[in-house]
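One chain comes next, on its own, written as structure tokens: the form predicted alone.
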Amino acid sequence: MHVTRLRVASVRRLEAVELLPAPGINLITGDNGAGKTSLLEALHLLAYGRSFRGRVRDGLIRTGAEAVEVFAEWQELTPPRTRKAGLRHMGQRWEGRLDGESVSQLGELCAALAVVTFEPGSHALVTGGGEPRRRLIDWGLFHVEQAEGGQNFLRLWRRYARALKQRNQLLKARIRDGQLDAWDHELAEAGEPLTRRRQHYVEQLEPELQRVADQLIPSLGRPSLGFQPGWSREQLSLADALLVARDRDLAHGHTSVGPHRADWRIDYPVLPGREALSRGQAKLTALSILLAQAEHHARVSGEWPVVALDDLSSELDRNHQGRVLRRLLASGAQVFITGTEPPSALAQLDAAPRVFHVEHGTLAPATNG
């Protein structure tokens, strides 16, 4: 898929700008603080319902404005069609439209437009807490099922989230009656198949990751992925694990085991664990995982997601820039790259990016670079 029009208003320093991107590489340049990253934030917001730099109400809305507004039009290959989506987000409330119809859930917008984003904070995907790693798995499952025409994962995820909320309310109130038994049963009924889907996805992602890592970070050896379901699955079913943890959960007022505590880890043959990775190795590992996910998405759906690379030159040296860009050029993916100047590796490639320049919250007309 590729975006043919992106219109953004009142995102951080941006006033109202419109891009007509090329199907291949699009380069967005500008000084630090000019607003170039805000364009990628807006695209990410439409695809994920949130910015990669935090919540909408935490500074994303331009000072003095009532809401962020994002509109995108894009082409899909399978089946061939043009799609449109718009989002107006006020921080607490939002309004959305997809293909001319109002939407009631942000998930409808997120299901339509697939975007994979690599940005300066992406190394936390490897070195940080488990939440972003769970989101990565769930994003992949969500879009894989959309491509295959199913919604079982989303139904299971919502069912589990509802049951978890109800159980936690009972735990906080120190209620021990049959209600707790009922919600334990509901958690297990949704959590076990949810976990099987997550584990299967991680198993599918591993060979994709190995192929990408062989090119980007061969010195670390072939990586492996290990899935952790959120409880001791080898010894207990989720229903049994919830029962064993009940007294502890009542004491603390929240559910301590289950898929909401799931995680995965990456290991390399030459290193004892991800904690031993340097910051640069963590960035390359995170990028490898994101590109592997994009390639898996393309393999299943028949088309690449849009790829957004924020501040590529400062995140990767020239050699690694070249490896990433050559891979993306060969794929035919649409790519957005931001930077204070063009990535040095671009000059070595047979590519003519469409160039946009951001100054003081406004956008210069596109030129062919």
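Residue indices: 1-based, along the sequence shown. Remember, predicted model here, so these are calculated numbers, not experimental data.
Beyond the structure shown, there is the form predicted together with a small molecule, which is absent from this document and is the topic of what follows.
Contact residue in the predicted bound form, chosen from Pro342, Gly49, Gly59, Gly332 - any heavy atom within 4.5 Å of the small molecule | Among Pro342, Gly49, Gly59, Gly332, a heavy atom within 4.5 Å of the small molecule in the predicted bound form occurs only for Gly59.
With the small molecule left out of view, which of Leu325, Val307, Ala34, Leu312 would have a heavy atom within 4.5 Å of it in the predicted bound form?
-> Of Leu325, Val307, Ala34, Leu312, the residue with a heavy atom within 4.5 Å of the small molecule in the predicted bound form is Ala34.
Classify Arg354 as contacting or not contacting the small molecule in the predicted bound form by the rule of any non-hydrogen atom within 4.5 angstroms, answering yes or no.
-> Answer no; every heavy atom of Arg354 is more than 4.5 Å from the small molecule in the predicted bound form.
Flag Ser38 as yes or no: does it have a non-hydrogen atom within 4.5 angstroms of any non-hydrogen atom of the small molecule in the predicted bound form?
-> Taking the distances in the predicted bound form, the answer for Ser38 is yes, it comes within 4.5 Å of the small molecule.
With the cut-off set at 4.5 Å between non-hydrogen atoms, does Asn319 touch the small molecule in the predicted bound form?
-> No, Asn319 is distant from the partner.
Close approach of His44 to the small molecule in the predicted bound form, 4.5 Å, heavy atom = Flag for His44 set to no.
Any chance all of Arg12, Arg53 and Thr63 sit within 4.5 Å of the small molecule in the predicted bound form, going by non-hydrogen atoms?
-> Spot residues vs the small molecule: full contact, yes.
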